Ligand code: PMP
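As a starting point, one isolated chain is supplied in structure tokens, in the form predicted alone.
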């Protein structure tokens, strides 16, 4: 008898969706394809020599411990180094016992969902939103309420209106998810005043804030804005960050900062998930920070990515039609592009692939759909000359699409 996997699978698996971006990575393997799709760090941003040195030190000092099981909370020297650095760099006052090391920031988001979302629960997110977070929360059968962004990072008036509407129907959201600094996918940064106001609103309506902060180290211009967590005096903010953008994503190392009550739940959930995070990678990361390498290397990454952003912005100005608008991020890895409403970027995508250039359609970053005329472009990964050529190709596709839409509007089908 053939096994009927669908009958045996849990109902939850019917909600699982493949990541559109991960699926896109298969397309980018096509020869001569120029991809702005994946949110990949540039290989030049990997501190290969430093990692080699950290591995050698780990072998010399701690190899037997590094190859052994570790505590669920994570390696104490690494957590201590992170706590000290967050006090110094981000004004987040915490100690090592306030931190749990996770298998990338993605695991942190999944653990938060596991601990706080029951089927049918509601969470909030600013939109456009990071696709990995949408996937993590959706897998736990939660309902999403989208809050629009503005040039201040979040439309707080809309947030209040939505909270009042939900309250009238007896719905009380568990948390709001946000990437306040150089947001993925938009590149927008939430203002300091809106960060404080968001914390105040969370207190008034009694929900948590999940602050995802992978990009704030990658600042090109402007003043540092402290994380929302730095203003948190009541344990209402769960702060998540990662080594993926400042060391290497292959290590799969992230961390989570929260109150003791929250961390107790997170640790128990993690014990059921993977027992502990990659111990060997934690020792390398500990050497990386304690050896004084991190700050020095971040400066190199910032210069590299700023140059690539500038190359992409210059090419966009040169090759995109005047009807197109885009964000100018002051850090991070992404530019958000908005096309005229007559263009659907999903329908345009096969034409871009035919021109050997790829992007991410904006629609996938909206849990409730919509925003068909937008796209996300990544500037951190491609080579400089490839960026210019890829934007030239994409500009041709957009020009052709606009011309087609103009002709259709000028000569509608008979009978219309």
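Numbering follows the first chain given and starts at 1. In this text, all values refer to a predicted model and were calculated from it rather than measured experimentally.
Note that the form predicted in complex with the named molecule isn't included here; everything after this is about it.
Exactly one residue in 252, 308, 297, 236 has a non-hydrogen atom within 4.5 Å of the named molecule in the predicted bound form; which is it?
By the 4.5 Å criterion, the partner-contacting residue is 252.
Let me know the one among 126, 184, 110, 282 whose heavy atoms come within 4.5 Å of the named molecule in the predicted bound form, would you?
Flagged contact: 184.
Give a yes or no on whether each residue among 174, 205 and 231 has a heavy atom within 4.5 Å of the named molecule in the predicted bound form.
No, the candidate spot makes no contact with the named molecule.
Is residue 154 part of the interface with the named molecule in the predicted bound form - any heavy atom within 4.5 Å?
Answer no; every heavy atom of residue 154 is more than 4.5 Å from the named molecule in the predicted bound form.
Contact label in the predicted bound form: residue 245 to the named molecule, heavy atom within 4.5 Å
So residue 245 counts as contacting the named molecule.
With the partner left out here, check for me: in the predicted bound form, does some heavy atom of residue 130 sit within 4.5 Å of the named molecule?
Because a heavy atom of residue 130 falls inside 4.5 Å of the named molecule in the predicted bound form, the answer is yes.
Taking the named molecule as it sits in the predicted bound form, is residue 287 in contact with it (heavy atom to heavy atom, 4.5 Å or less)?
Flag for residue 287 set to no.
Given that the partner is absent here, state which listed stretch (161-169, 197-205, 101-109, 114-122) has heavy atoms within 4.5 Å of the named molecule in the predicted bound form.
Among the candidates, contact is made by 101-109.
The named molecule in the predicted bound form - contacting residues of 202-217, heavy atom within 4.5 Å
Stretch hits, in order: 212, 214, 215.
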